[in-house]
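Shown here is one chain on its own, the form predicted alone, set out as structure tokens.
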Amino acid sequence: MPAGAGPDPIGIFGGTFDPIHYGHLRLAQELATGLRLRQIRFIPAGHPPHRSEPCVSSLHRLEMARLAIAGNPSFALDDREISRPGPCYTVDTLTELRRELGPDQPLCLLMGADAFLGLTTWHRWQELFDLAHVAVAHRPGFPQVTWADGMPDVLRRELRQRLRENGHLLHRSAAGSIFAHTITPLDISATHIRNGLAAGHSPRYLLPDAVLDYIQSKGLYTVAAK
């Protein structure tokens, strides 16, 4: 570990995971490896405030996430948002984690480039940088210089001030920076999986077999379920 470095960062990966699939898992694995994260906590959303209610219950989505990450010692499941009543805001989750883990533990909020471009719509979004770093996963060839195209001025300023090229700097502070990391492009979406299941098509090889078996055993994402 470089001189002056602190504890290895913990990655925070939230989402509806409706259902969780290989696109989620590969993003988490590549960021864990590329940024040397000690652990990634998958946090399924209970009642996401930025989108419609998930298609299946929070308990089903929690169990699918549990099955998907089983066997990976770097992955852990956190059910705090499922257990929390009312809307689930990322800033509240990070505040809880910061209180539990202390001021010196580096935290890294994981998201895709599209989510980052919409960051100003998040509740108390600027406070996120006081609580964690932000790691943005993007496809190969996605030019960082074009991130500012169409961005709100306030987000453009944050990007310019906080973007760091060296992921090792994650280990030297607890929060406050933005890191970009190229990942393998997997054109998989939960919407496509749900629509395929409702139409009677198999999504095998788009998500772990254990998750597909669970979906089929519970009759999830059928026309009736939707």
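Sequential numbering from 1, following the sequence displayed. Everything numeric in this text was worked out from a predicted model, so none of it was measured.
Only in words, not in the display: the form predicted together with adenosine-5'-triphosphate, which the text now covers.
Peer 1: Within 4.5 Å of adenosine-5'-triphosphate in the predicted bound form, heavy atoms considered, which of 161, 191, 166, 33?
Peer 2: Selected residue: 191.
Peer 1: If you check 118, 112, 87, 152 against adenosine-5'-triphosphate in the predicted bound form, which one has a heavy atom within 4.5 Å?
Peer 2: Contact residue from the list: 112.
Peer 1: Even though the partner isn't displayed, in the predicted bound form is residue 123 close enough to adenosine-5'-triphosphate, meaning a heavy atom within 4.5 Å?
Peer 2: Although adenosine-5'-triphosphate is absent here, residue 123 would stay clear of it in the predicted bound form, with no heavy atoms inside 4.5 Å.
Peer 1: Would you classify residue 183 as touching adenosine-5'-triphosphate in the predicted bound form, given a 4.5 Å non-hydrogen atom cut-off?
Peer 2: Yes.
Peer 1: Residue 27 near adenosine-5'-triphosphate in the predicted bound form, any heavy atom under 4.5 Å?
Peer 2: Although adenosine-5'-triphosphate is absent here, residue 27 would touch it in the predicted bound form, with heavy atoms inside 4.5 Å.
Peer 1: Find out whether any non-hydrogen atom of residue 214 is located within 4.5 angstroms of adenosine-5'-triphosphate in the predicted bound form, and reply yes or no.
Peer 2: No.
Peer 1: Looking at heavy atoms inside 4.5 Å, which stretch does adenosine-5'-triphosphate contact in the predicted bound form, given the options 104-112, 79-87, 152-160, 123-131?
Peer 2: Going by heavy atoms within 4.5 Å, the stretch is 104-112.
Peer 1: Hey, which residues along 12-32 are within 4.5 angstroms of adenosine-5'-triphosphate in the predicted bound form, non-hydrogen atoms only?
Peer 2: Read in sequence order, the residues that approach adenosine-5'-triphosphate (within 4.5 Å, in the predicted bound form) are 13, 14, 15, 16, 17, 21, 23, 24, 27.
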